[in-house]
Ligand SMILES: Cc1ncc(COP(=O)(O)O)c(C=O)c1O
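In structure tokens, the next block holds one chain alone, the form predicted alone.
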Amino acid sequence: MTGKLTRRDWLVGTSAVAGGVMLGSSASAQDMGSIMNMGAPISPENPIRMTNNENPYGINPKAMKVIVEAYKRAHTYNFTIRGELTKVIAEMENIPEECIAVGAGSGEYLMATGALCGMSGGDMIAPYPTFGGILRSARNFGANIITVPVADDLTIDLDAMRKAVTDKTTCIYLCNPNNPIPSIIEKNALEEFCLEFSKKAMIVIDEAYYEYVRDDSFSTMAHLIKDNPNIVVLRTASKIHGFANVRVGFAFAHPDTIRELMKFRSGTTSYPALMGATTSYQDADYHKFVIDKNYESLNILYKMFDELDLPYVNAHANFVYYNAKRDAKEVRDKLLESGILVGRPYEPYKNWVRISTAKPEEMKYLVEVYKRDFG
């Protein structure tokens, strides 16, 4: 673990605003309207981003320092840093280095697994709604996509997915926690499902948000990959590490499967990105800070939902999903007028809205605006 960050480090680029003003618990819409967001006043043209499940605190300051320094060497080739990052991840996850592929975000391996499944023909099964990256790739490479609606409580329905499997099934995709619905799959049920159906098809578990989960009923499936060529676990640095536009991600799989996935690797992950990720993944203090702030922001939203009697899904990620009891597009458009950008509508739940967690003081501004406009 690297040394502890100071509170001052953590607050760089967060609550500290133009003129040194720090918003307190009594922040008002008038206060928020006058502060700066990404260097400019909050407005519909420059909104607070509560839409793409980003880390509002950005890249760990220690990692950012390493990235900046690395750019001084970016004109030279470096063929060893990928191995250093792989070693760090292998030790963290207790899996062999040969079971890890590093790429440009998890999107690179979502594309690769989708391509492998599509080229083999047959059907890919996925819950609905869920993250669509792998589905687009599989469809582009020839797969037939079978979607299985989530259960009445909006969790992924493993029993329904089990019934959807046929002799034509070549791949099953599970996003856990799911997105846009931040539900999780109970670990024992998921492991049983993976072991059963990996005998028939490739199982791809997308764990983009797994660091945020605080629930004993959840577990990564990374421990299954060493002995099973048909199970792939995907991770990303885009969320908790704030590398959304820096691009670092991982595939965990049996060495034979890793070799197949590597055929699709673009090789575009940069030396500064790999250096920064190596630092960021070793800093547990920063991770805890971000997760603690995330749950502080979630609780602010839960309180508002309870006060306004708005149903919501208990969140296991850095976003919520709730029933606004009105058209989601109407909510999105109205909040944008006050400089708040929330998620787009997701079929088939036209009245449900996804809100990514921002900083707690920004969530308080959202609550004030929401109650004013919809309360």
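Predicted model only: the values in this text are computed from it and were never measured. The numbering used is simple: start at 1 and walk along the sequence shown.
Beyond what is shown, the protein has a form predicted together with the ligand; the following relates to that form.
Enquirer: Can you work out which of 294, 280, 257, 238 has a heavy atom no more than 4.5 Å from the ligand in the model of the complex?
Expert: The residue from 294, 280, 257, 238 that makes the contact is 238.
Enquirer: Would you mind picking the one in 107, 272, 122, 229 that has a heavy atom within 4.5 Å of the ligand in the model of the complex?
Expert: Of the listed residues, the single hit is 107.
Enquirer: Taking the shortest heavy atom distance, is residue 116 within 4.5 Å of the ligand in the model of the complex?
Expert: No - in the model of the complex, heavy atoms of residue 116 and the ligand never come within 4.5 Å of each other.
Enquirer: Whether residue 131 contacts the ligand in the model of the complex should be assessed with a 4.5 Å heavy atom distance threshold; does it?
Expert: Residue-level check for residue 131: yes, a contact with the ligand.
Enquirer: Please check if residue 203 has a heavy atom lying within 4.5 Å of any heavy atom of the ligand in the model of the complex.
Expert: Contact with the ligand, no.
Enquirer: Quick one: is residue 208 in contact with the ligand in the model of the complex, heavy atoms, 4.5 Å cut-off?
Expert: Flag for residue 208 set to yes.
Enquirer: Based on heavy atom distances of 4.5 Å or less, which listed stretch (171-179, 92-100, 215-223, 72-80) is in contact with the ligand in the model of the complex?
Expert: Heavy-atom contact with the partner occurs in 171-179.
Enquirer: Using the arrangement in the model of the complex, list in sequence order the residues of 243-260 with any heavy atom within 4.5 angstroms of the ligand.
Expert: The stretch touches the partner through 247 alone.
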